[in-house]
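One chain follows as structure tokens, the form predicted alone.
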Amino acid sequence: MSNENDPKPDGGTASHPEQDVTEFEDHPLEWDEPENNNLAPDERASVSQSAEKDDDPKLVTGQAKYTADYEKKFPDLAHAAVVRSDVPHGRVANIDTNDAEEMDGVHAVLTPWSDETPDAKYTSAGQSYPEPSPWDMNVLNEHVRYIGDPVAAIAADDAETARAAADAIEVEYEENDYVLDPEEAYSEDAPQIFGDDEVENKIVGHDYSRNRMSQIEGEIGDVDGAVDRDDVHVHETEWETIRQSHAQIEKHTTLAYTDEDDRHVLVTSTQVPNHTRRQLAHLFDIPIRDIRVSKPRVGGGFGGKQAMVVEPIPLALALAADRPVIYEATREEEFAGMRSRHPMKVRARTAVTDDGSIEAIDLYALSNTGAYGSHGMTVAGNVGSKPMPLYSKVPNARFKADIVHTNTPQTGAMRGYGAPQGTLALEGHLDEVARDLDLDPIEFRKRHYMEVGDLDEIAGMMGGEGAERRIRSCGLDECIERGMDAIGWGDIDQPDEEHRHRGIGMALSAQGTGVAGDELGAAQLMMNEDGSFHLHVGGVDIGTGADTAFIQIAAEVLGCPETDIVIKSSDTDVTPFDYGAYASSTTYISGMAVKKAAEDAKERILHWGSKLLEEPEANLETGDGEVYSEETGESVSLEEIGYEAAYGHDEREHILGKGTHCTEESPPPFAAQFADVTVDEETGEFEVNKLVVAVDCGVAINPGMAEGQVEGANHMSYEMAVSEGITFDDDGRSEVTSFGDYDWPTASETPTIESILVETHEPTGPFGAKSVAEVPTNTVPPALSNAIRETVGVRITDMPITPEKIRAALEDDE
């Protein structure tokens, strides 16, 4: 079979002579990049510096305010508690609230039938509009679908009274059959979790008679034709991932009240303030203008707060009780009633020739979305659309997914957003193929992975959040080279004991940077008389350091110290519109909006500098807190300009800058992961000696923060490889109720993680930046599985990797 993009011996297709000219017209290689966007390292004053995080001082001194800290402002504040279903599937036949309502200190009790309880259907997914998730939820439920589904809510003087009132409520259920396993749920005789009339905004491929909320499929080329060829080896492997918790330190918390103008205000720990405002307006039938959503500091999100998880309950209670209400979820509720990573089974199949040419890749995923479908389709789509494009030179590719309901807690967005599940399957599978064909696993990958100039069609083959894209930056070669050096590839010592063995495994990964064609960020910059600035951004800092990166970007453009910029972010009444913190978009999308706002303000600063210096603006530049002439060396301070603009005699102006940014581009960051492991073949016990991950994130705006993101993501990835995640008993009740129950690696149990930043320049990003926070989340499970395979010859495909599984596999081999 011919292949229009047959790889050259060196893996290159740089000239692309046979590609249609229109491909380059639609996706040009050369990007119309402003000159100031591509600065040499020695020209950067603020960007590429590891500046101290803007909020570090108040974080370490305890001055930072999270949502729960605002309760002291409201002397009449009530506290909320929620009654949750204790059956996995059924209907509420009766709720006796009499005892609760008679308790001293109880101000409101809501059930599914209360007037103040919204009866509209909605999705909790914090996504753009219209949401690509079904409207299948109610705030309080008559039809319950998992142990933990909200049934009733209480507002009382304090948390203890609210909890006691919740315990006093008696609920009678008509119980239904239930199903916990996604394969069983998909069978024709499984209990049906949704009736056809219980869902609005249904998603493509739904079949609720089989508990399927969506089915998606995309293909380029002819996969079946390639698989049926006589000259290829067909390999097939199956993989399984865990239900992982976000395990963020700050629990889901919202404080709701009505202000003196009868507007509804929510202070809430969220990644998506503007989406939440829109969703509340829909749910409560309140105009958007009458809702304000404000995000204080957030103690971790990792995707778990890219959803309107708890906000409707305190708002409904505040309306019913006519007083402010705060709801802070318990840690048990976090594990049993909030969100988690979708557990999946993924099948990988390839057709490969004797000489190692991959002719086809075929992935199939069965995703367990739990009781409700928020983020169900889009997460499953990323199982294919993120890992598969890494091998963009493969001519035939197909991805299919079934997303199925079970009577387990609903899942949702989580760091990596489907890519970890797909990366495990694809990178583990390719390692197995390379071993079977006696190929070097790294050289095998190099023959097929993307490089600068390639047109990635795989990312767009399913539509939705994916899109064709031209690759304009790629540091994979350097990531691999530096990663190999750091891990000691081919140069490790074996243990002295004959029953212990040491080996190294590796895996690659690509992600996206924002959602192509479905993002918007905005910023506004105001100059003060003294030459300082107030920066208002809609972009959401959830502890990642985004505010600091925004300040550095603005300071680079304005030529001022970072300390002269005061930032205000994420208040829908005050700051510009932004889609929020998800999809690795914050620096790329919101950061570019900040850069545009700073450039807009800079134009006016140079105008005033020209007046004061009596020189043409073309001669002027900013730097070191001044506007200076590149011709004469004369200068004027930003403070002088600020005062002149505000109080001058013949002309006055408040210097403002505005910027908005959206794009059809989503350039991939890349990662090369290496795992060094020692395995005891007698017991299966293993020790991960070291993890190395090299990441191409374009230009790192703040290298210190970027390294922190890489190491944090890699720890989360390590957890996915070696921990059980959230497990359930036979009735569907979560067996994890606290951090003590959650089997995650502590700091002392985590191997050394060495992070390496490989700098490339992405011309579509602010100062060459692309994303960094998600791609290292994808890579440890396959790298560790590959390392175990390299060391003792057995393959573990279902996560977590445990000594028991290794020992069992070794015994099967004997």
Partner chain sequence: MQFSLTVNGESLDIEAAPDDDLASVLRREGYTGVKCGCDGGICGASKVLIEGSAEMACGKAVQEADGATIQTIEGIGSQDELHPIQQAFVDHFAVQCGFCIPGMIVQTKELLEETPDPTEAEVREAIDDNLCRCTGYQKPVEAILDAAARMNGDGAVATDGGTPSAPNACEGTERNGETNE
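None of these values were measured; they are calculated from a predicted model. Positions refer to the first chain, counted from 1.
What follows is about the form predicted in complex with its partner chain, which we do not show.
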Quiz item: Counting only heavy atoms and a 4.5 Å cutoff, which of 164-172, 214-222, 609-617, 240-248 contacts its partner chain in the model of the complex?
Solution: 240-248
Quiz item: Is it true that Ser50, Asp56 and Leu59 each have at least one non-hydrogen atom within 4.5 Å of its partner chain in the model of the complex?
Solution: yes
Quiz item: Which one, Asn98, Ser187, Asn94, Ser738, lies within 4.5 Å of its partner chain in the model of the complex by heavy atoms?
Solution: Ser738
Exercise. Taking 4.5 Å between heavy atoms as the contact cutoff, choose which of Phe728, Tyr449, Trp744, Phe284 touches its partner chain in the model of the complex.
Key: Trp744
Quiz item: Taking the shortest heavy atom distance, is Ile756 within 4.5 Å of its partner chain in the model of the complex?
Solution: no
Quiz item: Any chance His715 has a heavy atom within 4.5 Å of its partner chain in the model of the complex?
Solution: yes
Quiz prompt | Any non-hydrogen atom of Asp69 within 4.5 angstroms of its partner chain in the model of the complex | solution = yes
Quiz item: So, in the model of the complex, is Gln709 in contact with its partner chain at a 4.5 angstroms heavy atom limit?
Solution: yes
Quiz item: If you look in the model of the complex, which residues in 315-333 sit within 4.5 Å of its partner chain (heavy atoms)?
Solution: Glu328, Thr330, Arg331, Glu332
